[in-house]
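First, one chain by itself: the form predicted alone, in structure tokens.
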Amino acid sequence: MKHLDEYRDAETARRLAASIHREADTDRRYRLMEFCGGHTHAIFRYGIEDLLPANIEMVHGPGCPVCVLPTGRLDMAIRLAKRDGVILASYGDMLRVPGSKGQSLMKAKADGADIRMVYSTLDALKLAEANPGREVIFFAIGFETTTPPTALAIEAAAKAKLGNFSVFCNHVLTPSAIAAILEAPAVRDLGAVEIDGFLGPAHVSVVIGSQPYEFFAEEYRKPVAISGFEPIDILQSILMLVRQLNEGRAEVENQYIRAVTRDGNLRAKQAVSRIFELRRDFEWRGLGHIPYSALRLKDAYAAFDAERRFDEPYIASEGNKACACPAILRGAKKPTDCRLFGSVCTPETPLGSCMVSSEGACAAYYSYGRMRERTQ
């Protein structure tokens, strides 16, 4: 397949769906988690669940880094933004995420904090160059996909001797989150999560490759199919997982061969390793504290680390207690299980990060699937 339309071809989709129906064992249940929010949105946008047999359930996972960022880290960003002489540069999807006490970056901006939306790390660097008398802090957030640009920005700032540029680092690691879900399937407050197999994230895997997932297949006996975002990609990946489970195999299969290799993008990984090291501990919304699951700047680049530069402490805090986002991120609940969903919590008035983020499960349900359970 060389053209986008071929990845959305209706006849090919029908053939794949027929194969899934034919090969899915009616005497068993298949619970397949798509880790990436891009997959969640594609599943709803293209009605993929309507093509699957009733005994195949898609479990919606952590979704995106915006969703899993704990409230305390957002509160830190707001405190940094309110400091005198600071310009906080942030991607747009973080601006409306609620922090504690209903605060957000958007509201902090309305109260007078200088918060600028940027589209890339280069935009943040240009802000620092254009405002030499101000401290420019880049709110860095993302899985492995967005970490290399942050690393290159720090190297560029060091080379240009931009003394007024720093990074508030919130880059987290996908494999650590998957391990946390598999190692703690029963959680007292959030409920049990039973997973038979994973749709591996696409863009993350372009960077890190397929090799990191081999551990989960071997250690936990859970098959992984790295999937692209188009409907044909997802259906083919589901068929791969059904076949593995039927045959008692637990392997890593790469459906997204047009973009993912086993070793990933070596130059990108090298850039990250030059700048970052593992944090000993990091809190995830919905997953709790996970050791060695996030990155921080190495000591050689401490001058560009906003947390150390401004001595800003992390203070754990809670969001809206009625919001089910933490359980939804684990796959223990669906958005429709939350009593706030679609009533007081909508994309226009979000109360949780799952509704704010363009890749959040609640946003996907609201945009494409909120009427499904009422009509079935």
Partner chain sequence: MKIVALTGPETAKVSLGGIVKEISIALIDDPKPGDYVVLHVGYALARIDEAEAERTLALLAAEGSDALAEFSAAGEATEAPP
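Computed from a predicted model, the values in this text were never measured in an experiment. Positions refer to the first chain, counted from 1.
There is another form of the same protein, the form predicted in complex with the partner chain; it is not shown, and what comes next is about it.
Residue contact check for residue 259: one or more of its heavy atoms lie within 4.5 Å of the partner chain in the model of the complex.
Using a 4.5 angstroms limit between non-hydrogen atoms, residue 280 is distant from the partner chain in the model of the complex. Contact check for residue 122: a heavy atom falls within 4.5 Å of the partner chain in the model of the complex. In the model of the complex, no heavy atom of residue 288 sits within 4.5 Å of the partner chain.
Within 4.5 Å of the partner chain in the model of the complex, a heavy atom is found for none of 104, 318 and 367. Comment: 198 to 206 is the region of 292 to 300, 198 to 206, 105 to 113, 73 to 81 lying near the partner chain in the model of the complex, near meaning a non-hydrogen atom within 4.5 Å. With the partner removed from view, the residue among 90, 176, 265, 244 that has a non-hydrogen atom within 4.5 Å of the partner chain in the model of the complex turns out to be 265. Of the listed positions (148, 228, 212, 99), a single one reaches within 4.5 angstroms of the partner chain by any non-hydrogen atom in the model of the complex, namely 148. Counting a residue when any of its non-hydrogen atoms is within 4.5 Å of the partner chain in the model of the complex, the hits in 50 to 69 run 50, 51.
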